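One chain comes next, on its own, written out as structure tokens in the form predicted alone.
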Amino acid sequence: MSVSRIKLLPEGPEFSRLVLGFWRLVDPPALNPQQTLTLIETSLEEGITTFDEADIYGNYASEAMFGRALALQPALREKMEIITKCGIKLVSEERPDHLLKHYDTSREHIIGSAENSLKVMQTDRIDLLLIHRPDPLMDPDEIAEAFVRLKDQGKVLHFGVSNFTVRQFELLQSRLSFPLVTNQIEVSLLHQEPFLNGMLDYCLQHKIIPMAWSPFAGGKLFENKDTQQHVRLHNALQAVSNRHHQASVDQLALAWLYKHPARLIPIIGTNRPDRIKSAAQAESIQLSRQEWFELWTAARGQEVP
């Protein structure tokens, strides 16, 4: 079963329902371009056509590695959608002028970061550019000016945000004549805040398709910690797995997100082709409403009121 596709807006863009993120692409042991290409090709074979990057990933090296891999098979660019992000500045030997970690959503930085991403990824366009984190000094008019210029030049096709609150999202949207197409938020069995803080309700109200980063809670779902929460959750996951042909933890965690009516798009981060193939099968798992709440309750440690 191939991963399905979903329109973020009635007029587009259309992405795969599962996204491969590259924040770990250059983590030790770092992949070489050919190994990275294998990850890309495996994803495409499974119907995962959307790839998530950021200027800062891999200490500013991940986008360049992705670009070198893509250069081995340039024709693959027409079969994929590329997301990248900007707005965080890390302390790094790659950026010696950064004296401390901070945010920069100025017009100049957004445009400069996007143009550098185009260069190092060896592509002529970014399908979706996101502001990586809300900036306390964020000027929505400046961001809008940067977005409009990049859009008019054909360098970026669509725009969105990441980790924004409802009010921050509304503020930036108020300055744009075109829609922000997504908010990329942390959400998982072990991070349920978006279900409670109004963000997913807002997305449903305005028909915005959110993306879910860290759907496996940064790998915590796979740990065997001897804590009450982990014991409860792993027992519940095993019980649900037994009813779904021994589905794996990662498949159930994704199926749990897919169940929500906001139509979340999970972003997985792995350098293993087998994990990509496993995750691609999660859409076929249809959890019942009771099973969904079984996992919710196990993660929270209390039944619903």
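No experiment lies behind these values; they were computed from the predicted model shown. Residues carry their position along the shown sequence, with the first being 1.
Another form, the form predicted in complex with a small molecule, is not on view; read the next lines as being about it.
Worksheet item: Pick from 92-100, 70-78, 129-137, 173-181: which stretch has a heavy atom within 4.5 Å of the small molecule in the predicted bound form?
Response: Residues of 129-137 come within 4.5 Å of the partner.
Fill in: Listed residue (S113, T105, S162, T123) with a non-hydrogen atom within 4.5 angstroms of the small molecule in the predicted bound form
If I apply the 4.5 Å criterion carefully, the residue I get is S162.
Worksheet item: So which of T270, T36, T49, T42 reaches within 4.5 angstroms of the small molecule in the predicted bound form, heavy atom to heavy atom?
Response: Only one option qualifies, and that one is T270.
Fill in: Contact flag, H244 vs the small molecule in the predicted bound form, heavy atom cut 4.5 Å
Contact check for H244: no, nothing within 4.5 Å of the small molecule in the predicted bound form.
Worksheet item: Any chance P215 has a heavy atom within 4.5 Å of the small molecule in the predicted bound form?
Response: P215: contacts the small molecule in the predicted bound form.
Worksheet item: For G219, is any heavy atom within 4.5 Å of the small molecule in the predicted bound form, or not?
Response: The answer is yes: G219 has a heavy atom within 4.5 Å of the small molecule.
Worksheet item: Is the gap between D250 and the small molecule in the predicted bound form 4.5 Å or less for some heavy atom pair?
Response: Because a heavy atom of D250 falls inside 4.5 Å of the small molecule in the predicted bound form, the answer is yes.
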